[in-house]
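In structure tokens, one chain follows: the form predicted on its own.
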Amino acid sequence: MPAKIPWWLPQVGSGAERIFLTQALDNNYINEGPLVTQFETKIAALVNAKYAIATPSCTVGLFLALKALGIGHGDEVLVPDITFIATANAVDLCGATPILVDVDPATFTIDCGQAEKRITAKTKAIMPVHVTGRGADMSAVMALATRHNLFVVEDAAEALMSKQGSQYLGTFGQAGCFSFSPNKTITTGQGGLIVTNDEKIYNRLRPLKDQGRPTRGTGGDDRHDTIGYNFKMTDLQAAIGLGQLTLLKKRIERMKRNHELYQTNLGDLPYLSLFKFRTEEVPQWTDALIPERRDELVEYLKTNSIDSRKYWFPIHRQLAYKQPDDLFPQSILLSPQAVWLPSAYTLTDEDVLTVCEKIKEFFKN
């Protein structure tokens, strides 16, 4: 039985989406075309980036960004231990090695002090992940990168429209990548996008995503000056994305409201602590630490038709990247305590207050 109060629930099928989809069909061009270009331009403008390159997923975007920077076999890239495994997989796609780093317990983002300890002569880049719209400490990340001559590629999959100060996350490093999978503020079904302010990187990314062609070709007597791949978005996906963008402001307001209600009603509880967001950050989801009985609470909420989501396992405990626990004390301590509370932009005040009531009820009993 589906939860009455979902952890997340995407919405598609708006009138704006149908208008753009009809335009794609009327153009008789559903591959990557003018609507993708329009989508790229709009996202770049939203985050004050000079260039944007649409991709089939954020994972592909991260791979292409690293590839454009020359990251490859024998190189190492610093990656936080608490993130979706795609971050590490993108490094592996390049032939490089992800070097896992413990996290800051206050934010669940990469601990730059621990990252510095893991730098070797092979380290070429650092990939901070902005978790749940909460940014890594980009001042510390950029200072670390400057000291050790590292590239910075931001995994901003969950951080569209979040800022630190006056600057949008995803635009601090050489490149940043966003996700448009179904559990994000806007979706294209699957899809991603790279932003950069560096024209040289942009000019490398274009042929990298399109079989080595610097400009869109015919598939016939095209020039292929470099090696590239087939990592294009389609105009059908971009049509959905363009329609979704018309709802972006309203959705962000609702997500901020959800977090505000959680903070007001759960912020002072002794058995639960909410992660804090800067004023200029967008809480993609509201997440909490529950030191005791997290799994029991998740089940209790489920019996009351309330969905939630447990946090990722630390990557170093996944068989694909298995490593000893010694280097990751914060990851192994906090991951089993962390949970995402219902955070969908489809929720009402009443929904969020019901979740708060049931959480209090669980611990009271």
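Because the structure is a prediction, the values reported are computed rather than measured. Position 1 is the first residue in the sequence shown; the rest follow in order.
In what follows, reference is made to the form predicted together with a small molecule, a form of this protein that is not presented.
Annotated contacts: Val79, Asp104 and Pro314 are all free of the small molecule in the predicted complex [non-hydrogen atom within 4.5 angstroms]. At the 4.5 Å threshold, heavy atoms of Ser181 reach the small molecule in the predicted complex. Although the partner is absent here, Leu35 lies well away from the small molecule in the predicted complex, with no heavy atom inside 4.5 Å.
The small molecule in the predicted complex comes within 4.5 Å of a heavy atom belonging to Cys58. Contact check for Asp235: every heavy atom lies farther than 4.5 Å from the small molecule in the predicted complex. Among the residues Gly191, Pro283, Gly135, Gly241, the one placing a heavy atom within 4.5 Å of the small molecule in the predicted complex is Gly191. Residue in contact with the small molecule in the predicted complex (any heavy atom within 4.5 Å), chosen from Leu289, Val152, Ala86, Ala140: Ala86. Heavy atoms within 4.5 Å of the small molecule in the predicted complex belong, among the stretches 264-272, 92-100, 181-189, 205-213, to residues of 181-189.
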